[in-house]
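Encoded as structure tokens, the following chain is the form predicted on its own, with no partner shown.
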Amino acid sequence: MQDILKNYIDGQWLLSPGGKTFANENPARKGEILNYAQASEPEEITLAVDAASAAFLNWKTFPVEERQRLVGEFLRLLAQAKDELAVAVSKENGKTLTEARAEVDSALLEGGYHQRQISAFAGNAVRNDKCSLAWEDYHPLGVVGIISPWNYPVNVMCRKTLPALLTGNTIVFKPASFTPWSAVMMARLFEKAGFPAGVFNCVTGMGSSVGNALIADSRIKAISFTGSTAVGKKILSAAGANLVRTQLELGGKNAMIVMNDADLDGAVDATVKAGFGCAGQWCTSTSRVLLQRDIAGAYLEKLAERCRAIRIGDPLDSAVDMGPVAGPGQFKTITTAIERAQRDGAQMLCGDAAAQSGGYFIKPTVFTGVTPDMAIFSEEIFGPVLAVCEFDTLPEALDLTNNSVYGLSSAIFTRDLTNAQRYIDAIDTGMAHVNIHSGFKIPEMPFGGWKESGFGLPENSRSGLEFFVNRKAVYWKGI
């Protein structure tokens, strides 16, 4: 019998009183149930917020050094659990074991950065002729809600949770329903690290039930969410009723521009990495490729060869390059988009559903002859599907790239310094890459999008901590 994953509330592991659970399916093996998670009710969110509210009164008084110590212990345990956690992520998410291990490494890198930078995190101090000194105090918000995505269940959760804890907040964490196993494993690490009861709470369930209850609770002071733009808009609207601070990292339709002076091999490498890594299921993946016309043929020949060489199968197999998409819903959405692109007149260079019938596999898929009026050009697919179109001049390419409701990430490949700077100045995205793939990031830089790709302060960088604090201006005149 498969394990039943419990909620973690106020330092206790609890079954849902309603007794309802949902199955956690292995996307590489249809019908294989890994375990069952609690299909929690809104009342359990209330219990978790009760616990987090009570714990906040004490947690906010902890010295920064003690919070750093506890986060450091969590990171040490996370490093120890890397291989076990990577297997769980790979089994329930579908990304390869190599990709899952890299995700844990990224969480450790970003978590270590936040743990260090909290020491220097303080407000500005100035002198003024009307007062002896003025400075800015930072104070934790209180109880914050963290709603994390299924595509990076470890990395994104840490990117949100650790800055919140370091700044003195308590947490109610609602993981994605596709990835409850890794979430519960992370909760165990927080428990083992020695965080006081109620500081970190984890409640699994559906967004329509426990997610909505979390947002609606008036005691929640902030919501940090990563997911679709459609859901993000609903969260923003609901949170506004209580003036709840929101941090939303949403959808994208990220483009890579390839100029005729580019290193084509480097550009193709970047396309394969960002377009088909994690089966194309990451927020900053490349989903549109814009080719200067005179190099399009050479680029596409190289890309098609690389796509055909990608080995698809069980993500736990070290010989496999790409696993399945995350489940039946993802599979249907992506294959429907592929079928529509064909009806709209785009030409399939390579791709379609993979031969393995035992899981939700989709081959790396590339469409050429894409025009801006096609759905595949503008709509987020969130899978291993690339839309390719051609252009003559850089201004034309920039217009095509910016012709999107999204503005998360982008990239250009060129050897021309002037063109690189023109791209940086003109691109309407929160992240811009020159001769590097659209998914690259470091924790010192803000992670967030423009337009319908994000709202509120971005994650990482200094803003990753600033989101979780209130500011107090203090004016002091000599006593």
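None of the values given here were measured: they were computed from a predicted structure. The first residue of the shown sequence is 1; numbering continues from there.
What follows is about the form predicted in complex with a small molecule, which we do not show.
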query: Partner-proximal stretch of 201 to 209, 306 to 314, 344 to 352, 366 to 374 relative to the small molecule in the model of the complex, 4.5 angstroms, heavy atom; finding: 201 to 209
query: Sole residue of Leu408, Met256, Leu386, Ala274 within 4.5 Å of the small molecule in the model of the complex, by heavy atom; finding: Leu408
query: Contact assignment for the small molecule in the model of the complex, among Phe413, Phe447, Trp59, Tyr423, heavy atom within 4.5 Å; finding: Phe447
query: Contact flag, Ser453 vs the small molecule in the model of the complex, heavy atom cut 4.5 Å; finding: yes
query: Contact of Tyr360 with the small molecule in the model of the complex (heavy atom, 4.5 Å); finding: no
query: The small molecule contact at Arg340 in the model of the complex, heavy atom, 4.5 Å; finding: no
query: Distance check, Gly111 to the small molecule in the model of the complex, heavy atom within 4.5 Å; finding: no
query: Candidate spot Ser53, Gly145 and Ile171, all three touching the small molecule in the model of the complex (heavy atom, 4.5 Å); finding: no
